[in-house]
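For reference, the chain that follows is the form predicted alone, supplied as structure tokens.
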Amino acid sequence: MNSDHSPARREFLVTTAAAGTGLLLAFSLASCARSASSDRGSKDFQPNGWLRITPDNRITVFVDEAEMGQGVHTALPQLLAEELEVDLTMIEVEQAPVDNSVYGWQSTGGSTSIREGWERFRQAGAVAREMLIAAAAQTWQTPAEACVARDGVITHIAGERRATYGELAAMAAQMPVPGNVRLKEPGDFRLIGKSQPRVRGEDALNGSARYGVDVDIPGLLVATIVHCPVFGGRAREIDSKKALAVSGVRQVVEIDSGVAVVADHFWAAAKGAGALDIVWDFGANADISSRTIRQLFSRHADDFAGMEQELAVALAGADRKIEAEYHLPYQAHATPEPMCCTVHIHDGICEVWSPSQKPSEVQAVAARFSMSSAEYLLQRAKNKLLKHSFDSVRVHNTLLGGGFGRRLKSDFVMEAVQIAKAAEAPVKLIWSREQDIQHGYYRPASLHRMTAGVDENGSPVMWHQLAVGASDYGSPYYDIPVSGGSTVDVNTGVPTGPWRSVSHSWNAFVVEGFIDELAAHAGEDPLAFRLRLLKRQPRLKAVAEMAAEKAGWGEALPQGHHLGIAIHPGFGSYVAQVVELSADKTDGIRIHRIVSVIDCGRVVNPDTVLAQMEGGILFGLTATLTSAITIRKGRVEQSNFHDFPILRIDETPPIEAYIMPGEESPGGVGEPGVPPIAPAVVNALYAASGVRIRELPVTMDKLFS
């Protein structure tokens, strides 16, 4: 039995394509002022909707989410194809244009793509299917119930007639948009829940995929930039003679954030940047360091006014108080593709090619820095009133060579626009790896003071987390009668921003590390202790039990091997991870096996889920075992992969990733794999050594001091 869904919440738009001979469907988000019908009759149709079907039977799906390796260019079309009754191989996928009037504010982050697209893309496919059936029924003068859609063809049930979607597209465009559409029941799914090959996956393998750094247009110049080594500093004096003497260098441009060198190609720009003589005004942050920041955090923690009365009363009534302090460092994103952006200002428009997680912001930033202040303010007021985009800025969002939250910022776009405006030529800005590591927006460093009150059996009756330097604390998902937390915001002078899994990355480390400590104080098995406190969290309890079973928890292990477990809910999903490792002074830390289980509700593409879990684990392992950002004299000490190493293929441990079947609405998968891995590692290290690690990254001196 199918279920009825009304698209009223996201009103559909329908229009003809290619001079009235095709079908285009779109959602009208938040009562859009401009409809797709404005394109009616256009000979050179520019799509601004979700689905287009042309008379030659080409089916195109437009995806407004940024593709950065997480597979949205496969999974979202897969949802639409399911309801449209076509195979995924019949669909062409294109990145949607940046158009706020059709797509709303475009931003990809927080593992929301499938969660928000689950209903939206299925509705788009179902509405198109019903309109195509209606077109066939009218053409053949037969009831719609006598027609069925399958594999891109509408067939009369009696077998008398058949027509492809393309043949019916023009007529379908004239059909009224149905008020209710019947979405398939899960038992009828043919695509959803089954692994599908990655759309254009071979392009990434053979090198034909085009990322932001690959953009090339006629007359393109290439720029790179030098920022002040100290955060917040500015150039006081610039001697560009040596830089301009480098063959291929065209221009040296001072902009708001630094000094750019514009050249015929990147090698000349990089050589010119290295030849610049700059006297810097380091500003107010010249003396900050990781040591002084840690001291600052400690002073704020010492000055904390105290926890709420309910917590204080519960602590006073506890049999015993247990305290611990955890520290996390700054972390860089280290995206494989460094920050880059191409800008061409011409004929009254500003064209931008950018690998961005937030293309709508790219458009707004480009407008701000390519227009005069008066023109920008006028356009912004008009756009806010009409919910339009900036018509004079065209954004082409390319594939992203990694995002991890870094490309939610548009600082590099601002720079590219300023440089292109000064150069009066199309310019591609490419940051060097050193600039990328030393001038990002980092996962914030933080201090966490944990306090728990336990009863005579060691069960927690009270829990408090004081998070200093962090934006929030982790509400414990365990069954603890009284719990809470407090945050203290501290301005350290170091720019911070979203980092894959955001606050979950530090809160999982703190919560799962401290709960392991409470289990040890109670003299109880860490798994059993957790399960006892998860009676109100059946999905978390289930993944913990499954991960433990798959890892052989409680069974005999090879000599010197030990297990650690961590669980964490986030982004609508539930994850448990078990790490098997050994550790000694001779061989160091060796991870022999990682078992991961995720309950992400209804699964669209299992291969993508497993790949994202594996990728998230490796991303988290790098921050756990190898890398951190440290500050000295107001600047980042690390500069490239030699001193900010990321986990390499030969260092990758065996990973077993499992998906727990679920019927709930889809949860996120891009980020939930990251948070549990650090606490699972340190909990296993405690089992191996008896040493409790409360600071990342893990180093041998912390383990064997």
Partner chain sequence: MARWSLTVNGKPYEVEAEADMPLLWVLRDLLGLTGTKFSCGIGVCGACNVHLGGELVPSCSISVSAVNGRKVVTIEGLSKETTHPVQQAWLEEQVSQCGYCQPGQIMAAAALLEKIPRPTDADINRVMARTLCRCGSYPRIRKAIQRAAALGGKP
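Remember, predicted model here, so these are calculated numbers, not experimental data. Numbering follows the first chain given and starts at 1.
There is another form of this protein, the form predicted in complex with the partner chain, and it is not shown here; the text below is about that form.
Report task. With the partner chain left out of view, choose which of A284, A204, V177, A324 has a non-hydrogen atom within 4.5 angstroms of it in the predicted complex. Result -> Of the candidates A284, A204, V177, A324, A204 is the one lying within 4.5 Å of the partner chain in the predicted complex.
Query - Interface residue in the predicted complex among H333, H448, K358, H464, criterion: non-hydrogen atom within 4.5 angstroms of the partner chain - result: Of the listed residues, the single hit is H333.
Report task. With the partner chain left out here, work out from 455-463, 367-375, 87-95, 190-198 which stretch has heavy atoms within 4.5 Å of it in the predicted complex. Result -> It is the stretch 190-198.
**Report entry** Q612, heavy atom within 4.5 angstroms of the partner chain in the predicted complex
**Finding:** Yes.
Requested in this report: Considering only heavy atoms, tell me if V213 and the partner chain come within 4.5 Å of each other in the predicted complex.
Outcome: Yes, contact at 4.5 Å.
**Report entry** 4.5 angstroms heavy atom contact with the partner chain in the predicted complex for S582
**Finding:** Outside the cut-off, so no.
Report task. Look up in the predicted complex whether I659 has a non-hydrogen atom within 4.5 angstroms of the partner chain, and give yes or no. Result -> No, no contact at 4.5 Å.
Query raised in the report: For the stretch 644-677, which residues lie within 4.5 Å of the partner chain in the predicted complex by non-hydrogen atom distance?
Result: Result: F644, I646, L647, R648, I649, D650, T652, I655.
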